[in-house]
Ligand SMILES: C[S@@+](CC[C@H](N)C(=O)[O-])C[C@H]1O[C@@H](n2cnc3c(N)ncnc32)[C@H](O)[C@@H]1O
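Encoded as structure tokens, the following chain is the form predicted alone, with no partner shown.
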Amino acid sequence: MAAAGIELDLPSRTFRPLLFGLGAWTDHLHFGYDLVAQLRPKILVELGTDRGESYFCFCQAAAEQQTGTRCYAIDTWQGDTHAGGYDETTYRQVDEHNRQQYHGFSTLVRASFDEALARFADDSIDLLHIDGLHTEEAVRHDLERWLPKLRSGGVLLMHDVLVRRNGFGVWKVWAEISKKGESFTFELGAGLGVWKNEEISSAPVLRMLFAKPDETSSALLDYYRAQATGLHQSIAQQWRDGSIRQTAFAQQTIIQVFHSIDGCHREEDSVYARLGHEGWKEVAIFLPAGAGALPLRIDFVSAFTVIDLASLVLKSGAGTLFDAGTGPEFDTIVVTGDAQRHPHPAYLRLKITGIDPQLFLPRIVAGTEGTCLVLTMRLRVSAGEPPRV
């Protein structure tokens, strides 16, 4: 691709990601591909894999570019306070994709980061990606324990270095370590920090990033921005034409619950859960202390599915604040946005018609200040037409 009049010879020019749009790494997939293709790491370790958007990008580069890399994904696959909780569907789908595509060189390590430390000798990892729990305390702990595992001249990636909300503290840690070696910050999406503890690199893409800004580095950044834009446009088109149903994204549903004390709903005042589409599921979503319900808003990010809600209950330490499990009680819930209410004698049945369906519960005074609210629901998500039973 020509950018700013400069032709860039990058491996990712032929890259067609098998998985994208699953998380916050879409903006960096082409860089991740180039980095693995050019660095040709012997050992690659990712801390925090979730649905595998970044990890399988690395694996795809290793496979297609024949780098001889051994890849390790380390995660409990149980979620955390930032990613939200999720069920066993996530691990099953990641494991299946790994076995189908990369079983010869890729290993999923289902353990905490500390439990996995003993698998790797000091000074042994060539490329380390840290993307676990994003509190400052957790990031400092992970970096302190794992940085000795990075070999001299190895590369460290840190995701979410631009996010300054919801208790994220990666930016604070990145601001410190970025001054102690060669570094570059991608200011795309949630931000990606690239760090190296030696000046000389065999990867041209790193030399361009770490060099003094010039026309070549500007062309490189323009290229990555254009690739990210292209992927986001593809995702938008998938929603418009319905082909999102055939993607990996459509295999799970995200539940985002917005809490409010003033009637406004903000991203920073929300929590997540995620579930697969295999039968009935029981979901419990714990809201932070002091969260209000004036009102609660529930968004289902679900690719043109039918959702049956058998019950929806909001509780606090003082008892039950809202309990919907029959038609009249469900009628008090407002359905709007990209969702349609379909009649059903027992359930609140929703047909999801787009990317932004919303439910609003009645305004509820939560009671004692500092009380923690818990929202529980029993639901079933089905692809296509509603199930007959």
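Keep in mind it's a predicted model, so treat the numbers as computed, not measured. Don't overthink the numbering: it's just position in the shown sequence, from 1.
This next part talks about the form predicted in complex with the ligand, which is not shown.
Inset, instruction - Look up in the predicted bound form whether Y86 has a non-hydrogen atom within 4.5 angstroms of the ligand, and give yes or no. - result: It does: once the ligand is placed as it appears in the predicted bound form, Y86 has a heavy atom within 4.5 Å of it.
Inset, instruction - Answer yes if any heavy atom of P17 is within 4.5 Å of a heavy atom of the ligand in the predicted bound form; otherwise answer no. - result: Contact check for P17: no, nothing within 4.5 Å of the ligand in the predicted bound form.
Inset, instruction - May I ask you to check whether D34 falls inside a 4.5 Å heavy atom distance of the ligand in the predicted bound form? - result: Because no heavy atom of D34 falls inside 4.5 Å of the ligand in the predicted bound form, the answer is no.
Inset, instruction - Considering only heavy atoms, tell me if E282 and the ligand come within 4.5 Å of each other in the predicted bound form. - result: No, E282 stays farther than 4.5 Å from the ligand in the predicted bound form.
Inset, instruction - Check, residue by residue, if Q66, T69 and D126 all come within 4.5 Å of the ligand in the predicted bound form, counting heavy atoms only. - result: No, none of Q66, T69 and D126 comes within 4.5 Å of the ligand in the predicted bound form.
Inset, instruction - Would you kindly say which of G154, P295, G79, G193 lies with a heavy atom within 4.5 Å of the ligand in the predicted bound form? - result: Exactly one listed residue reaches within 4.5 Å, namely G79.
Inset, instruction - Could you tell me which one of F113, F300, F210, Y91 places a heavy atom within 4.5 Å of the ligand in the predicted bound form? - result: By the 4.5 Å heavy-atom cutoff, the listed residue in contact is F113.
Legend entry - Candidate stretches 351 to 359, 321 to 329, 335 to 343, 40 to 48, one within 4.5 Å of the ligand in the predicted bound form by heavy atom: Among the listed stretches, the partner-contacting one is 40 to 48.
Inset, instruction - For the stretch 114 to 145, return the residues whose heavy atoms include at least one within 4.5 Å of the ligand in the predicted bound form, in the order they occur. - result: If the 4.5 Å heavy-atom criterion is applied to the ligand in the predicted bound form, 114 to 145 yields H129, D131, G132, L133, H134.
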